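Just one chain is shown here, as structure tokens, and it is the form predicted alone.
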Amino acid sequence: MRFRTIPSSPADPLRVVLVGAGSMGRAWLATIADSPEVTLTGIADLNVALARDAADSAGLPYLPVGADAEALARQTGAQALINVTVPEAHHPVTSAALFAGLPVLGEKPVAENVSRALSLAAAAEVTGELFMVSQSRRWNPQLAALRGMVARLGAIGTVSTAFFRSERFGGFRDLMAYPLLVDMAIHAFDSARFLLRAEPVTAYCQSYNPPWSWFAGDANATVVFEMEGGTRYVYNGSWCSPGGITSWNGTWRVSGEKGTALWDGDHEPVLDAEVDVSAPAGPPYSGIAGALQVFVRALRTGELPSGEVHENVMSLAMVEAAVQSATSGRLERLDDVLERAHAQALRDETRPDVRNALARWPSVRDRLAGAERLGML
């Protein structure tokens, strides 16, 4: 997908508005402040007092704030928007920004469901503006090193992630039906796509809640994905597993025809194989700072970034397929998940231009995996 470029440089930084002044918004505020590539022109939040407090806490008492992100962008001359709102607000905030001529860097997930994510992909096509999702673990140098090892293992049989934590969040996560799958597992699912350079074909999930759980919904899940080429990716995790906790990245094992690669999620991966052990250098950045740097570079050069909306949707589709399988008790085909979401997007879309763009797609998988896939591979 082609998108409009915006010239910028450290001498002329990209002007951005931050939308969302909660805890993640404040993490982004610090990241923006540390970057020479961008300059913050304002903070938008429906709770204007919260936006004002965030600006004051960052030592920016005169920074403009407001409830309307597009109006604030016009007022301050912003060139792009960083969307750090709650998932349910991702679609309306991002769609409005794209049609206001503002490229968007958004927090994961791309939207609250795949249907709304497809609407945003079509909106990016219609407007010609870049919408990139900050799937921040893509920029982990250790994950990049693991990916380099995987490329030398020949055919891959199984990839597995173990994720076990004991987290007492309080708030909305405690009340979710599938807190682990919906709130956390997308990081691992996206990383598996990145490691394998392959997309999911089917998903089978068993989700459950142990008797000691403090979550209302299922805090435990095991999911098996068949990936393109026949590799199986297995995710096994829990939000309420006291003792022996894993990294926030989980622990990984990749089993291939020429050996095995292991990663504990916090240190350099280890290759146990009779192949060259040298690993290619990872990216010179990580986390949300890396996402911001890649976003700015893409706007300067027109280079399709990893995390561009079309490329990112399949990670959310893996979550949706896992939840649907947990609910139905059956194996779910990703193409069925995508086609149902596409039909729903066509029914719900209120903009004729976006609906027409959606209707022209030959198939959802083909549209998502066209030139956009170059951003991942």
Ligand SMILES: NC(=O)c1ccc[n+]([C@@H]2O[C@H](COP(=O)([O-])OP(=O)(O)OC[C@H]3O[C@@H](n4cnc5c(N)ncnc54)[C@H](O)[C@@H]3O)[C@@H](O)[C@H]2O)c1
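Keep in mind it's a predicted model, so treat the numbers as computed, not measured. Don't overthink the numbering: it's just position in the shown sequence, from 1.
In what follows, reference is made to the form predicted together with this ligand, a form of this protein that is not presented.
- Just one listed stretch, out of 194-202, 149-157, 135-143, 290-298, contacts this ligand in the predicted bound form at the 4.5 Å heavy atom level, and that stretch is 135-143.
- Listed residues A33, L46, L331, A343 were compared with this ligand in the predicted bound form; L46 is the one with a heavy atom within 4.5 Å.
- This chain lacks the partner; the member of T85, S95, T161, S306 within 4.5 angstroms of this ligand in the predicted bound form by a non-hydrogen atom is T85.
- This ligand is not drawn, but in the predicted bound form it has a heavy atom within 4.5 Å of A21.
- Shown alone here, L50 lies within 4.5 Å of this ligand in the predicted bound form, counting heavy atoms only.
- Taking non-hydrogen atoms only, H90 approaches this ligand to within 4.5 angstroms in the predicted bound form.
- This ligand is not drawn, but in the predicted bound form it has no heavy atom within 4.5 Å of D218.
- Residues are counted as partner-facing when one of their heavy atoms sits within 4.5 Å of this ligand in the predicted bound form; in 170-194 only H187 qualifies.
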